[in-house]
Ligand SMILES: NC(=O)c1ccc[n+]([C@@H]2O[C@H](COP(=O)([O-])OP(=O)(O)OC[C@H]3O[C@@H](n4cnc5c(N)ncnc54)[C@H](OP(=O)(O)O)[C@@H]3O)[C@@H](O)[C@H]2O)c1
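The chain below stands alone and is given as C-alpha cells, in the form predicted on its own.
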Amino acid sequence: MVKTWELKEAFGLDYLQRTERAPEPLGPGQVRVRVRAAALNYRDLLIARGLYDPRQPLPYVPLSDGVGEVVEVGAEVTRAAVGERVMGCFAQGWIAGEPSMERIRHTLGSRLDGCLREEMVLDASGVVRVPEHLTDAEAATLPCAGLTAFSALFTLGALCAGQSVLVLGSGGVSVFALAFARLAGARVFATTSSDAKAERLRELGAEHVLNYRQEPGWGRRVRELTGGRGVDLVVEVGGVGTLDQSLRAVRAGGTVAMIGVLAGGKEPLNILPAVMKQVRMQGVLVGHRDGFEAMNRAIESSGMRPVVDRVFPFDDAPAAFSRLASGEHFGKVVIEV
C-alpha cells in the first residue's frame, strides 16, 4: 500500500487525512516515481480550502510540486530510466508552445492527484531530470514556483541584463525571481513587511527593499529610485490588492507579470494607469516542459540553489500547510516523503 495524504470528505485543512491507497498500475509510456520530497505553493492552500476551484472533485491528493526516483518504467519509455531523479511537470500535457485548454487542463495537485504521497505514476513525457547538485528538498521547489518566476522573467518577459525588476514579498516565486534576475544582471527592488526578511532579501541581491507597511505608497517610491522611469518588469503576486502600486512602479511600456492573488483578486480596479502608460499585463501560468528544462540548464550552469524555508516530515504535513498559511516563511516550505 502507498501512504498518502488526501482531502476526502470536504474542503478545509481540518479534513486533510493520512490514508493508504493501492499502487497504481503502470502503463506503456509511464514511469513509477518513489516520491522523496514535495513542496507547497499558495495555490495548494487555496485548493485545500475550496477557494481555487469549488468544483474540484474529492478525494484528491494535494501538492503539484514533487521530486523522486524512478523505480519502474513502462514499455516504450526513453525519457527516463530506473534510478534517475525526476520532477513532474505542473501541466502534464504542455510540452512546448502556446498554452491551450487541452494542454493546461491536466495539472498535478488539482484535476490530477498531486505529490503528497509515497509513490506516483506519471507519463514519461511529463517528467524532467533534476539538476545534479540539488538536494531533493531543493529540487522539489522548482516545478511551479521556480518555473513561474523563470517564465515571467525570460520566456514571457524577455528580461535583459541592465533592466530592472520589482518583486513583491518573500514567498517562493518572488525569491526565485530575485535570484534569476540577479543571475541575468538585472537590478532588483523588493517589498516586505519584515525587517528580518528585508535583510535576507538584500543578502540575496535586492538593491532596495521597501517596507510596504511603513511606506504604503511604495509604487511611487520605486519610481523615484529609478530616476522617475519605473522598473521594466513587476512580478505581481499580490493581485488586485497590490496592483495599483505595481502600476505606479512600472515604467511606461513595461510589463506587469500577473501571477498570484495573495492580497485579493476581486476588489475594484482602476485600469486607467495601465492604458495611459501602455503597460503590458501578462498572465503567467507556470510554464511548459521546454521552459522547465531550459531553467534547469540555467540552474546547473550557475550552481544556483533554491531557498528552502523549512522541511517538515511526512507525518507533519498539516503543520507545513499551517506554516505556509502563517505568511512567516521565507522561500519554500517542503515536506520530506
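These figures come from a predicted structure and were not determined experimentally. In case it trips you up, residue 1 is the first one in the sequence shown, and so on.
There is another form of this protein, the form predicted together with the ligand, and it is not shown here; the text below is about that form.
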Stretch from 225-233, 188-196, 113-121, 79-87 whose residues place a heavy atom within 4.5 Å of the ligand in the predicted complex:
188-196
Non-hydrogen atoms within 4.5 angstroms of the ligand in the predicted complex: do 30, 73 and 288 all have one?
no
Would you mind picking the one in 259, 206, 165, 256 that has a heavy atom within 4.5 Å of the ligand in the predicted complex?
259
Using a 4.5 Å heavy atom cut-off, state whether residue 179 contacts the ligand in the predicted complex.
no
May I ask you to state whether residue 245 is within 4.5 Å of the ligand in the predicted complex, using heavy atom distances?
no
Would residue 171 count as a contact of the ligand in the predicted complex, using a 4.5 angstroms cut-off between non-hydrogen atoms?
yes
Just checking whether residue 249 would be counted as a contact of the ligand in the predicted complex - the rule being heavy atoms within 4.5 angstroms.
no
Restricting to 202-239, the residues within 4.5 Å of the ligand in the predicted complex through any heavy atom are 212, 237
